[in-house]
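The chain below stands alone and is given as structure tokens, in the form predicted on its own.
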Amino acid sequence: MALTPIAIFGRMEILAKKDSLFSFYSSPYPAHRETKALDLTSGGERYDDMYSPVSGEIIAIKKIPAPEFSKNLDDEYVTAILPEGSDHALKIIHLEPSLDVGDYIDAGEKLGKLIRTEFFWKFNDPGIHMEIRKRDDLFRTGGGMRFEPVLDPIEGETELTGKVTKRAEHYSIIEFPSSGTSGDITGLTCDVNGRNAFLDCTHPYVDYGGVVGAKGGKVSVNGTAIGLAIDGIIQYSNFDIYINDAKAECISSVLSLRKRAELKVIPAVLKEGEKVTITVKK
């Protein structure tokens, strides 16, 4: 299966499969605020197989038992992979590895199974969290290196009229028939000082958002200003998202390797097959 590069650091290339979703900024975890973390999901369920986003040798695995007070949560694992020719390792969490230290894996091959830990909100789907680490500093929560997104120029704009394609317990998914594209990557487009970018955020549950494909300037969605981007991070102004004239509690917009852009809407108030219009209001 063909793999698409979604981020790089030096000679390290992060690859993803078709139908995967990924995000730099939609999480409250501190490293995301500095573009030092990248989340990736295959769209699978808990305990489904998950592939490796890099080729290399597994150099460390650390198990972190689930808290004693937790209910129905898995033990956490930290897996570190050293890609060939790289001086830095890729740290992966939220996955129980099926290989051992010393094993070599190719990008796209099964690395383990997705798990659910205490770091997930109830509306999060299973996926992995990645950081780039120095070889002698694999396990700390701070001190990672910055990912560089891999994007072609973003063409087209998202028409904010779509259809509900999924209703889960805690959210609904809206798919847009027309969206911005960058090669194989799709997403909800925004305008940053006249330049197309992808909106990457979970608003307002996470108090900041990000733009991918631009660095700084006034950020607008469908002509309505939502904030100011500085080095990719959005400082929000006051705005709300409405779905068919009903105010959404929260929306999550990430980047996609699917044919069309999607928007996750919380709570799950929409019906599957329902046609909806998204409105941004100050």
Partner chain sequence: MKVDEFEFPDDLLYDENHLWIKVDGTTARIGLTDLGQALYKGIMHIDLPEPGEEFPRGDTIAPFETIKSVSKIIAPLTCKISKVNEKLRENSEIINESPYGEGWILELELQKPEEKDSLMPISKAAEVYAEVIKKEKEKYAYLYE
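Numbering follows the first chain given and starts at 1. As the structure is a computational prediction, the values presented were derived from the model and not from experiment.
The same protein also has a form predicted in complex with the partner chain, omitted here; what follows describes it.
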Exercise. Quick one: which of 205 to 213, 175 to 183, 76 to 84, 101 to 109 gets within 4.5 Å of the partner chain in the predicted complex, going by heavy atoms?
Worked result: 76 to 84
For this session: Please run the contact check for G156 against the partner chain in the predicted complex: heavy atoms, 4.5 angstroms, yes or no?
Result: no
For this session: Mark E148 yes when one of its heavy atoms lies within 4.5 Å of a heavy atom of the partner chain in the predicted complex, and no otherwise.
Result: no
Problem set entry | Close approach of I93 to the partner chain in the predicted complex, 4.5 Å, heavy atom | yes
Exercise. Would D191 sit within 4.5 Å of the partner chain in the predicted complex, counting heavy atoms only?
Worked result: no
Exercise. Taking K163, E249 and K281 together, does each of them reach the partner chain in the predicted complex with some heavy atom inside 4.5 Å?
Worked result: no
Seminar exercise, completed: Residue within 4.5 Å of the partner chain in the predicted complex by heavy atom, from I230, I64, A225, I59, is I64
Seminar exercise, completed: Only hit among Q235, N238, S70, N244 for heavy atom within 4.5 Å of the partner chain in the predicted complex is S70
Problem set entry | Sequence-ordered residues of 124 to 141 touching the partner chain in the predicted complex, heavy atom within 4.5 Å | H129, E131, F139, R140, T141
